[in-house]
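There is one chain below, alone, in structure tokens, taken in the form predicted on its own.
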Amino acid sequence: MIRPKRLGMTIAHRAAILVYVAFALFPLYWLVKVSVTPNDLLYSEGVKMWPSRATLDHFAFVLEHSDFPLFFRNSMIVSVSTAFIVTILSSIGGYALSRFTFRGKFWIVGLMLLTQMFPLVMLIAPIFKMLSPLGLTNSLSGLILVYVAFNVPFATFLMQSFFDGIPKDLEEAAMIDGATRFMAFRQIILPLTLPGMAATLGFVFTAAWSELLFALMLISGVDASTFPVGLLSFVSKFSVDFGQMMAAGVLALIPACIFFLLIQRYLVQGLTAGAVKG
């Protein structure tokens, strides 16, 4: 028989979880609700949990009569490219920091930490000054380069924590059996770090997908604009088309949700395993 005190704590715990879930999901619900609300009902009906009449006209306009497909494509190119490049580089760097002791390692780690301490706003002007002579402003390549540079340090430390949790004895045993270090890394260590790589991939993809500051400052043309910048096209001088903006937001959630569904098998393992050393 469950004790009253324990039952009360269980109920309170479940209630707290439900409140948190409702708090987290309510903005997404409101996003969908506004996206299917006709313009004539957005203000006339006041605050209602669901409109009296729903429509998909906002989605049709966004897909057929706006530049959203172009923004969507640019964001996919930038986010996927950044995520894979950063994951590869951070895996190499994290493995080196975890397994090797070399001259200057302390200073390299210190400099990587230092890059995370500066406000991004302070770095906009110098970065623009560096990229402009190279012709990398107003281009997806320049944006990818900036995103990679700013995400590699944190991702490297993240991957280092996963490598630290894998015993070195596994590699040593493989090398005793005749494997080279690269073979030991590829055949033994790499499969064990797939959860960590998935966590890193997800983190970097999300960061690049939702980044606005650099995209807004470094991109001046519509052809290279990403989704966060493209949302501003629904804001005019005297009005904001909330229906179309929310419809674009709903469509932008789809690739992120699909991406996390594909890697969720490894993501949960990665988020927990990286915090505990074996």
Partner chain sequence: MTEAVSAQYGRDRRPFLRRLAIASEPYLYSAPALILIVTVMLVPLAIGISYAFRDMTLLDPFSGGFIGLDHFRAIAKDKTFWLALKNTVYWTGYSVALQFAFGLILALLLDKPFYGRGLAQALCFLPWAVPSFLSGLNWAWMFNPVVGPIPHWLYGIGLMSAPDNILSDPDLAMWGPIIANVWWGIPFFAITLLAALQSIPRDLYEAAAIDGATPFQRFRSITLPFLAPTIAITVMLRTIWIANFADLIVVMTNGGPADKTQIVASYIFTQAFRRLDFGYASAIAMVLLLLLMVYSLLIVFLRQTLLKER
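Between two forms, the rigid core is the largest collection of C-alphas that superpose within 1.5 Å. Residue numbers count along the first chain shown, from 1. This structure is a prediction, so every number in the text was calculated from the model and none was measured.
We do not show the form predicted in complex with its partner chain, though everything after this point is about it.
Residue contact check for residue 51: none of its heavy atoms lie within 4.5 Å of its partner chain in the predicted bound form. Residue contact check for residue 56: none of its heavy atoms lie within 4.5 Å of its partner chain in the predicted bound form.
Using a 4.5 angstroms threshold between heavy atoms, residue 66 stays clear of its partner chain in the predicted bound form.
Contact check for residue 140: no non-hydrogen atom falls within 4.5 Å of its partner chain in the predicted bound form. Of the residues 190, 96, 174, 80, just one reaches its partner chain in the predicted bound form with a heavy atom at 4.5 Å or closer; this is 96. Residues of 20-44 placing a heavy atom within 4.5 Å of its partner chain in the predicted bound form, in sequence order: 20, 21, 23, 24, 25, 26, 27, 28, 30, 31, 34, 42, 43.
Here residue 67 does not count as shifted, since its C-alpha moves by less than 2 Å between the shown form and the other one after the core is aligned. After superposition on the rigid core, the Cα atom of residue 221 is displaced by less than 2 Å between the shown form and the other one. Once both forms are fitted on their core, the CA shift for residue 52 between the shown form and the other one remains under 2 Å.
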